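Next comes just one chain, in structure tokens: the form predicted alone.
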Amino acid sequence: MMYRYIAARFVTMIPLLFLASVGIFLMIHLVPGDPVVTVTGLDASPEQMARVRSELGFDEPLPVQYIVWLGHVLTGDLGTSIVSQSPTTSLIADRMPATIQLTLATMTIGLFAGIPLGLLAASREGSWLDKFVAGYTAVSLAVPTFWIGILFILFFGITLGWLPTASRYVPFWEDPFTAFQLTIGPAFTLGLFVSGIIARFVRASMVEVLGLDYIRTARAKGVSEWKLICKHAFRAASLPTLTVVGIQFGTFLGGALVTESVFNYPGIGRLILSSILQRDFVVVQGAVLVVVVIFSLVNLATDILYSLLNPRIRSN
């Protein structure tokens, strides 16, 4: 049954990824501007532009260009950057470790802050603590992440001088202290946002579960409140939260464009932004497609884990 469920989920991914590839291809080509100008420059003659257009295959109809591009993608070739002349796969591979490290740090902060806050709010429903958590989640979700990032740089980087004002990628296993200094800024900025989402979902799920009959029975039998919350209620309430965590994890694996730009962090998001500004649409197409595939795979893994924890899902 489990294998059939996984196979069915894989099959449903195929048309979605196909439609996503069509959308990405058309979106890039329908944007105003001519990427050939990026290669030839504004002073190029019409003959030079026509020659470059032919070399890049831009003189073919869009359906033909899409079929050629998709054929290369299926073989693992995402094209060559118009600006740097480097393979797009290499550019993405160089940025992916930094994005993975930032995502793991972000989710760690979000989980360690969001889950306890959600549990405290649910256990004290209607109290001042519950209202404080509600205010925290509202602020964390309402304030733009780039503004938090700017304040973080101004306070910890410029005023106190504790942290660098610009980030770069240093693997944790090579130099943990330096990696912490360079990653904590964008990770904290994004982690606050994630913690607000997680806290809100944990609280809502816990309030619902705490009102169930078996919880009231356990409480009547004298089970301690924190054992009741952490061992019994949270296990049932964690399933909806798992979905949110999976979505956020997949989102940040695709890069945090604004936050990475604020901290000058060399992740996938910054690669996409710089490629957009340079009109390097080949890299934009490849990077966005990789982001879509990663997000789809993370969602698939989340669904599989969800079905393992709740076998009733597989029977639907």
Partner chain sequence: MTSPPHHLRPDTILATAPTPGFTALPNRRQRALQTTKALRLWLRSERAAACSIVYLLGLGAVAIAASRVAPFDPLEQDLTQILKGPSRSHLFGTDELGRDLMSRVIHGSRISLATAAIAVTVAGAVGALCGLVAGYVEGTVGAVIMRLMDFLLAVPGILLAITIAAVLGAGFGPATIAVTIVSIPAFARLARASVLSTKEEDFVQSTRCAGAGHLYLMFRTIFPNALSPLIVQASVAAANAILLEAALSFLGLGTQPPDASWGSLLSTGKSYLNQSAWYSVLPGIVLTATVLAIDILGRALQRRWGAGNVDAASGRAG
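Numbering follows the first chain given and starts at 1. The structure presented is a predicted model; accordingly, all values stated were derived computationally and were not measured.
If you look for the form predicted in complex with its partner chain, you will not find it shown, but the lines that follow are about it.
| query | Taking heavy atoms and a 4.5 Å cut-off, does Ile158 contact its partner chain in the model of the complex? | reply | Because a heavy atom of Ile158 falls inside 4.5 Å of its partner chain in the model of the complex, the answer is yes.
| request: Report whether the minimum heavy atom distance between Thr178 and its partner chain in the model of the complex is within 4.5 Å. | output: The answer is no: Thr178 has no heavy atom within 4.5 Å of its partner chain.
| message | Can you work out whether Val258 and its partner chain are in contact in the model of the complex, taking contact to mean some heavy atom pair no more than 4.5 Å apart? | response | Yes.
| query | Hey, in the model of the complex, is Ala138 touching its partner chain, heavy atoms inside 4.5 Å? | reply | The answer is yes: Ala138 has a heavy atom within 4.5 Å of its partner chain.
| If we take heavy atoms and a 4.5 Å cut-off, which stretch out of 115-123, 150-158, 219-227, 92-100 is in contact with its partner chain in the model of the complex? | One stretch meets the cut-off, namely 150-158.
| Within 4.5 Å of its partner chain in the model of the complex: all of Ile82, Ser167 and Val282, by heavy atom? | Verified in the model of the complex; spot residues all out of contact, no.
| request: Scan Phe132, Phe172, Phe188, Phe146 and let me know which has any heavy atom within 4.5 Å of its partner chain in the model of the complex. | output: None of the other options qualify; the answer is Phe146.
| field | Residues of 191-221 having any heavy atom within 4.5 Å of its partner chain in the model of the complex, listed in sequence order | value | Contacts from 191-221: Phe193, Ile197, Arg200.
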